[in-house]
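First comes one chain, alone, set out as structure tokens in the form predicted alone.
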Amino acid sequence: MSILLKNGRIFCPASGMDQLGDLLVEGPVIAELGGSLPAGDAEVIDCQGLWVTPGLIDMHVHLREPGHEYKETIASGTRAAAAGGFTAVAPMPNTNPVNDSRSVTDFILEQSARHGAARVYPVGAITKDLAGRELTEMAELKEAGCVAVSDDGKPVAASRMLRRAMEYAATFDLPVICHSEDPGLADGGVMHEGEVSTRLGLAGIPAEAEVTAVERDLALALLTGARVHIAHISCAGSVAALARAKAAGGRVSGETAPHYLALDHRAVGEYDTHAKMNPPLRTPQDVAAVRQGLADGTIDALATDHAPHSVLEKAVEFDLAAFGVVGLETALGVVMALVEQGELSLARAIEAMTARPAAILDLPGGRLQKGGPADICVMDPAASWRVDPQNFYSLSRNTPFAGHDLVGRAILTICGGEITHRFKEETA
């Protein structure tokens, strides 16, 4: 199959490209890009006024399969990813059973090959059953196809265990993705500890529950020399700690999520469970610090932490509601709003959603280049739309952005040379 994208703005920070021109896809690769190209027998798609970027890469999602298919499946989750402009996702291991063995990894990859609308790169568990007591066979997990290890959803509370995990992972050059949380400080909390939690009478989670754990995890990274990535950074102290570890020469990186850039703890409003996530939404000052950390590159990547839940887990009292929100179909619009506001450069936004996650996880893609994989996002930067969860491809609707007006969305997604999403107005 050949596809010619005509007259688009080809924008790729990793390749240093920003020009008007054409891009030709032949089979699974990019055959030519730049200038005016002949169509031949290719399908021609007019991209006048549109931006052609590398396919987005989300290095932190929860696809819920196996075990919780009523919330999300690999098929529905990757379809949601494609609708958001993503061509690759890395699902966390907190499935049922946990992805702590070759058999579970094999199952995920087999389901992805059959039903996936995006590339799927599994993340294996650090400890068996995420219990924090016994290390997984990381060599087996890497051989099976895992690109990193994490106990995401739970911190590895014992420092000695985490040190051993980092040392073991380093022998296979596997990145360790840390869910940095002090369980003692966070225990019982349901939102950020502050004036809003006090007014609502809800138990709070102080920022220090994250910051002290981030500092410990980064200290162990410096001790072991392991590749360590800090997940879902939400507060100023974590940004500062990551900057210090980088200055000290650590092989460290970090990510944040769109909701930590756009919302603060006031979004909980009157007990809105769709604004309940872990780590929680923090203060406006934390939002500003996280934005600055992403803008200056201290925070490397943007990841959605897409965490689907059914209405059964969200339409309950705030204390009882599950933590987590979906994000694959809203991420691009939320981030492009920051670009439009001048809070984030376009180059940094695209890099954080393409080249940097690719580099952290050693993935193909993340750039547009001749002979490279035809993983492409075509976005309309001027498209204005209102978030309606009923139109999501995800099986779940738990978004804090319902009813928000966003500007910018994926119009066309190509993965491996195949069109995996084509926007149609009636689904908007």
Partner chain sequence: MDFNRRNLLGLEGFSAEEITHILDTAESMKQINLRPIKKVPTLRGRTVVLFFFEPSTRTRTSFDLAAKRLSADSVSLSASTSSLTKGETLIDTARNLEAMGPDLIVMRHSMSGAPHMLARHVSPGIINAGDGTHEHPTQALLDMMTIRQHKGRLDGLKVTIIGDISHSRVARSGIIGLGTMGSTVTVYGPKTLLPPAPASLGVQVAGSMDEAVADADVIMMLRVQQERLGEVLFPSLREYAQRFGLAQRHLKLARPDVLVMHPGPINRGVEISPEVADGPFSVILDQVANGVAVRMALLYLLMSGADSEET
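Residue numbers count along the first chain shown, from 1. Everything numeric here is computed off the predicted structure, so don't read it as measured data.
Keep in mind that the form predicted in complex with the partner chain is not shown, yet the notes after this line are about it.
- Of the residues D173, E143, E195, E110, just one reaches the partner chain in the predicted bound form with a heavy atom at 4.5 Å or closer; this is E195.
- Contact annotation: of the candidates A231, A245, L202, A349, the single residue with a non-hydrogen atom within 4.5 angstroms of the partner chain in the predicted bound form is L202.
- Here the chain stands by itself, but in the predicted bound form one stretch of 295-303, 99-107, 268-276, 126-134, 268-276, has heavy atoms within 4.5 Å of the partner chain.
- Though the partner is left out of this view, L223 does not reach within 4.5 Å of the partner chain in the predicted bound form, counting heavy atoms only.
- Put simply, D319 is close to the partner chain in the predicted bound form: some heavy atom of it is within 4.5 Å.
- When contacts are judged by a 4.5 Å heavy atom cut-off, A139 does not count as touching the partner chain in the predicted bound form.
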